[in-house]
Ligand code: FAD
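So this first bit is one chain, no partners, the form predicted on its own, shown in structure tokens.
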């Protein structure tokens, strides 16, 4: 009976076909679709994205700190779909790459010649016992969710005293700096309100240090020390008990492996940095590696199993930090390599691993961290390890404009060219040529 029903569904929804199918309408998906909608004939590009609203997620830190409104970070998806592309408002529930086919919720099949998977990383509050329920109770919030980010600011403004805890998970996370950014901005707000002395601020991280990139560890340790923030390493939030306002952390060993020891901390304010995973359909697909993320060549971003499929953004298993900034360099690589594949040539352009995290350390200062897996990869000749007002202005004003007008429209390929020019000027300055 089920087989007959499936056949009827497929008869009801005749298969559609696209030269290029983009799965996901976030930063990576829109950027990829925009680039190729300008190259391919009208109607050749399809974008599968179920959500009506598109969020500028890097702005959530500022929203949670009362420095930007949620409305400023939100656009309607239909207004962002590139001209000449077709928006399919649905979600993929099944990938069948051996047939160049995806199946949508409801049973419709869509085929493709080439595909870009840009599904992002999903927030997994459900992996922390009691977290989903706790987010609906007083004192518990998260800047990661558009449904709870405004709550964070309200909680900070109502905070009177006690433990204010900010957590970083033991597992993949997007925007790894976000939990401590929220912590630093909260410190600034509480000082302005005159209640900081009543707060014991805790940053609890699963890492063995305050930040994963060594170049920025000492500057951030200095910030935490100056703000009297209690940094506790090798701790992973595993349970929230709202009846006791208690957060339970599993202690990790020096290698990051879980131990049987736990620590309970009472909270007045708890900000959750949730672990992330690839979306369910991708985790269960032939594209996924053991972790569930899309298995790609970390240089070319081409699927390691299906050469007509590429990835972009947070859904991939590339070693870079999962940030919107990394998407810009992904798109540069994707543009070149997917074009080569469409021409029947072997992709050879390599992603440089670039990622960036503008670490907001107060209501008007930012440490502009730029890096790849080998270390810092900074753009300006300025001291980016030092908290700076110019970097804050970039975070608050330049980067949102660059996102809306450049990145998702397929025009911004990252700062590599600016970096080369900057280094050339700096080199000539050092030599006394300029």
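Residue numbers count along the first chain shown, from 1. The shown structure was predicted, so the numbers you read here are calculated from the model rather than taken from an experiment.
Missing here is the form predicted in complex with this ligand; even so, the following discussion is about that form.
Next on the checklist: Within 4.5 angstroms, counting heavy atoms, which one of the listed stretches 297 to 305, 218 to 226, 321 to 329, 338 to 346 is next to this ligand in the model of the complex?
Outcome noted: Going by heavy atoms within 4.5 Å, the stretch is 321 to 329.
Checklist entry - Would residue 273 show up as a contact with this ligand in the model of the complex if we use heavy atoms at 4.5 Å? => result Because no heavy atom of residue 273 falls inside 4.5 Å of this ligand in the model of the complex, the answer is no.
Checklist entry - Given that the partner is absent here, does residue 185 sit within 4.5 Å of this ligand in the model of the complex, heavy atoms only? => result Taking the distances in the model of the complex, the answer for residue 185 is no, it never comes within 4.5 Å of this ligand.
Next on the checklist: in the model of the complex, does residue 166 come within 4.5 Å of this ligand, counting heavy atoms only?
Outcome noted: So residue 166 does not count as contacting this ligand.
Next on the checklist: residue 92 versus this ligand, in the model of the complex: is there a non-hydrogen atom within 4.5 Å?
Outcome noted: It does: once this ligand is placed as it appears in the model of the complex, residue 92 has a heavy atom within 4.5 Å of it.
Checklist entry - Do heavy atoms from each of 43, 97 and 309 fall within 4.5 Å of this ligand in the model of the complex? => result Zero of three within 4.5 Å in the model of the complex.
Item to check | The unique member of 283, 151, 174, 196 whose heavy atoms fall within 4.5 Å of this ligand in the model of the complex | outcome: The option sitting close enough to the partner is 174.
Checklist entry - Judged by heavy atom distances of 4.5 Å or less, which residues of 377 to 401 approach this ligand in the model of the complex? => result Sequence-ordered list has one entry, 395.
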